[in-house]
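Take a look at this single chain, the form predicted alone, given in structure tokens.
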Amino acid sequence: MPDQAENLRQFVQQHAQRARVIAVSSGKGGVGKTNTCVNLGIALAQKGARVVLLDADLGLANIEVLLGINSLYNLQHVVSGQQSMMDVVVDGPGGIQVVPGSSGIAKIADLGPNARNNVLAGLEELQRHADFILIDTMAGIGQNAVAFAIAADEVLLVTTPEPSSIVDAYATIKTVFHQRPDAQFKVIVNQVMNKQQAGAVAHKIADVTGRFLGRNVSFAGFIPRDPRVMQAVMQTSPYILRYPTAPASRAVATIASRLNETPREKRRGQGFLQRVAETFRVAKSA
């Protein structure tokens, strides 16, 4: 019998990559990762991009809560084969679309061959449907979080000026680089007092990464500490829509502009779907 993963790789090689896939990750919880992912997605949509948010924070799956969405189906229905990926996509605010997550999926290694095929087929659908796919991963360096970060075209790593957040951000970078040396990291420093503080945090992360790992990470931008952010969360509304002129809203719009204006780096080798298939193969053998 041919190797299951080899069949998956042959399948995905037949499909050209279209959407730009960005994993939004963090070294620890509580740094505003999901909120950043949602508002960044809306900011990209406001610039005319077709944006899909994939809620892969399988432990919490809280994009729906943040947006006040009540969906009938979620990612679990795709995994089980009950629905296609496009069947579970729901319209969100500000022109984005959302693939609701499910806390019922423990980890990628638990998925059987049929479930893996269902996920790959669904991701291929999204690739043809969107310009940007933003994957809200789990926080930390668990298997699911690292798997999506490894598979994505690039990783937006959200951190804060807190020392523990910086340390955990570096741990994430180290873990991903260990498994994918050509990973592309961009750091977003959230909840900062000013531009200088953000620059200092980004420089510290870049310096440590360069000295100890011999790799580069870039600075995507910063989001200032803003009381409007929490007000919007309490209103289950993205702050970029509720308070479009707030400092946080202007900052996330600036980050979106940079992403939109910077083309995806052209590199030889595997595309997103191929890397997901490889992740399944490694998980199966682990």
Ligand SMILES: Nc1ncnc2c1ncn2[C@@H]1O[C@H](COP(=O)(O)OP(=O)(O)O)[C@@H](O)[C@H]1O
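Nothing here was measured: the structure is a model prediction, and the numbers come from that model. Note that residue numbering follows the sequence shown and begins at 1.
The protein also exists as the form predicted in complex with the named molecule; that form is not presented, and the subsequent description refers to it.
- Using a 4.5 Å cut-off to the named molecule in the predicted complex, not one of Ile42, Ala253 and Asn260 places a heavy atom inside that distance.
- Using a 4.5 Å cutoff between non-hydrogen atoms, Ser165 does not count as a contact of the named molecule in the predicted complex.
- In the predicted complex, the named molecule sits beyond 4.5 Å of every heavy atom of Gly68.
- Within this chain, Glu64 is remote from the site of the named molecule in the predicted complex, having no heavy atom within 4.5 Å.
- In the predicted complex, the named molecule sits within 4.5 Å of a heavy atom belonging to Asn190.
- Checking Val229, Val52, Val217, Ala220 against the named molecule in the predicted complex, a heavy atom within 4.5 Å turns up for just one residue: Val229.
- If you take 231 to 251 and check each residue for a heavy atom within 4.5 Å of the named molecule in the predicted complex, you get just Val233.
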